[in-house]
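Following this are structure 1 and structure 2, which are two forms of one protein chain, each written alone as structure tokens.
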Structure 1
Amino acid sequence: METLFKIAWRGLWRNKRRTLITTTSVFLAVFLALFMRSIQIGSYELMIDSAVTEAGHLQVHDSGFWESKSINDSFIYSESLKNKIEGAENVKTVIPKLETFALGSYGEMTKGFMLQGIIPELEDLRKNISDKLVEGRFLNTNDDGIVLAEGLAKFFKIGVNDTIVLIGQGYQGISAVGIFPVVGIIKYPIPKLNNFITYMSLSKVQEVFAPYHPGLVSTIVIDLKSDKNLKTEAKEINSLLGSKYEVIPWTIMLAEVVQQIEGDNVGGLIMLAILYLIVTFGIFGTILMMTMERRKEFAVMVAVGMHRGKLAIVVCIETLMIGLMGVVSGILASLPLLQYLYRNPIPLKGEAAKMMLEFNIEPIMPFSLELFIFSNQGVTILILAFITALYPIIYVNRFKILKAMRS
């Protein structure tokens, strides 16, 4: 076998220009494919991270809450309930929240928004909310204040230490009214959140919206150690809690994100297929030319006693070597660039940035260094190279020696 590799290697460099041109075409295809797939996968990872950071891997609700979004479809959170959830091996964190809609008023301005009752330390650990502060401070565990998004603060023309009136419908129809000091203002890069979100401590929201039902929550956010099997994890936790509760993965809660990723991925794969089709024809053209040029050489080798099967192996090795050289050089050339772009994502501006912000995604062009991006391109090129090698293999096993000698 070693001898066959030596023959194949020497055969490649008998025509250096042809070999280098073919290897360069493979190199460029791999380089462009890696660059394109790294951007795509990186953008998907950013979208998924944004979704999971906001919603968690799984959420537990009272049965029917996801459809109604009503505070009346809430439930009592307890240590026993928490322990049941943590009984699932893959659960990392369990965080209760009470979410509801409220009407805020300051001076002559009035607007509705989403009010989230949170455990400040846990929520800040997950979402780094305090890093978004532009004024004031973040909440404490038993804080009486409220944190507004910057868009809401500008709408109300309100600042830190001012007070805002909240009016809403509490649990089971009670009136929920209160005056709360603004302790902080945060800025979200996403306009939708920046004009819609407010935070209060969970204990204070429970006191105002459910004073007769201590421990009431609308949502339990669950972060997992591994998100490989979300549906399986959801079923496992649901079986631990019972039919009174519904456990929903983020892929269902944010189905539009999943659909967008799947649609974009199909488009990317089609572009890759076109790119590789062009490269395949380029390789095949070279192999076809090489086969026609070497007909007499093949005839002489078979005439002096070389088995046709071994000659076919030599030709196949030559083709795979060209593909392998192109793949390795393409990966080695792209890796430093992709590593730099992975650490320094490209910021987007203008219409592209606005479009991403509308989908609640940070306006950057991220890159990914997942191993499968590199392995998939290498395997694909080698498969295509093997397919193009079928022609010379068939030719070697069928050509007539005398006819080839006369060529």
Structure 2
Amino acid sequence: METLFKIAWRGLWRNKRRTLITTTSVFLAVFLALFMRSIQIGSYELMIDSAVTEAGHLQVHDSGFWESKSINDSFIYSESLKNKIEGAENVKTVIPKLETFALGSYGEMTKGFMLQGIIPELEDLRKNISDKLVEGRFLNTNDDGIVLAEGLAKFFKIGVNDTIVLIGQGYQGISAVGIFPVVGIIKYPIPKLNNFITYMSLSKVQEVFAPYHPGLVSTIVIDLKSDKNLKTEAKEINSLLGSKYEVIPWTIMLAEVVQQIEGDNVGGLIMLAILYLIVTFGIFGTILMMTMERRKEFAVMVAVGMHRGKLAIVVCIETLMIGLMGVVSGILASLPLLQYLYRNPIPLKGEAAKMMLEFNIEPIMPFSLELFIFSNQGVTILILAFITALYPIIYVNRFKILKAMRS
């Protein structure tokens, strides 16, 4: 094997310039592919992080809530229910909340919005809501106040320490009415959220919207330790809770995010395929020339007693070496750059930033250093190199010794 490697390696460097050009083309393809995929995967990770922060990995609802979004499809959150959910191995945190719609009124102004009854400390820990405060403070566990999104505050022309009247339909048709002091105003970058979201403590929302059903919640948000098998986890937790409940992964709740990632990913893969196709033809051209100019040499080797299989190994090693040199140099060159960009993502400005904000995503161009990005490029190039090696492998197994010797 050592001599076969020697023949292959030295064979490659017979025409240094040609081998260097081919290796460089592989290097550039790997470098560009890694750069491109790192940005893409980094963006997807950011989008997924954002989606999971908003919705959690899984949500438990009363069966039918996802369709109706009605407070009537709520359920009682108890310690035993919590324990059942936490019984699933992969569950990290379990956070209940009561979501409903209400009309707010201040002075002459009235507007509908979403009211989220939350456990402030837990919710803040997950979503860093207090970082978005532009005025006042965030809620406490048994707070009587309300936090408004900035768009709503502007609409009502209301500020901290003013009071707002809420009117809504409570659980099982009761009237839910109350007057609440505004304790804080938060700013969401997404206009849709900024004009629509309000927060109150869970206990207060339960008191106003379901006074006769203590512990009523519409949603339990579940964060998992690992998000690799969301559907399996959802099924497992659903089987623990029974059919009265529905357990929905974020990929279904925010299907448009998944679709956007998938669509973009396909586009990226098509670009990669075009890039690799060009590189494959480059490698093939070199291998074809190397084969053709050594027909006589191959014939002599077989004539003196070398099996064609061993000769096929030599040409295979040559091709894989070209691929390997390009892959290794491409990875080594891109790694420091990607490492830097991973730590210092490029901030976006202008329209691109606006567009990202609309999706509730931080306006940066993030990079990913996931191992699979590197391994995928390496394996792809080596597979393509092996495919290009098929021609010389077929040739060395079929050529006629005397005809090749006369070439």
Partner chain sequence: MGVIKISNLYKIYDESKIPVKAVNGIDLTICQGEFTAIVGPSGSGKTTFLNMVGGLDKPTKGEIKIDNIDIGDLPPRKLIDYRLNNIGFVFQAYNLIPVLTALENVAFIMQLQRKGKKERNKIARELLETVGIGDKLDRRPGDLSGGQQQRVSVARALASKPKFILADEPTANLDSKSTNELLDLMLKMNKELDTTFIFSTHDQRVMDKARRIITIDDGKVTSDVRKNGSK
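From a predicted model like this one, the values you see are computed outputs, not experimental measurements. For numbering, take structure 1's sequence and count from 1. We call the rigid core whatever largest set of C-alpha positions still superposes within 1.5 Å between the two forms.
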Between structure 1 and structure 2, the form predicted on its own:
1
Core-aligned CA displacement of K310 at least 2 Å between structures 1 and 2:
yes
Where the rigid core has been superposed, how far does the Cα of V396 end up moving between structures 1 and 2, given in Å?
4.0
Superpose on the rigid core and then read off how far the CA of W13 has moved between structures 1 and 2, in Å.
2.8
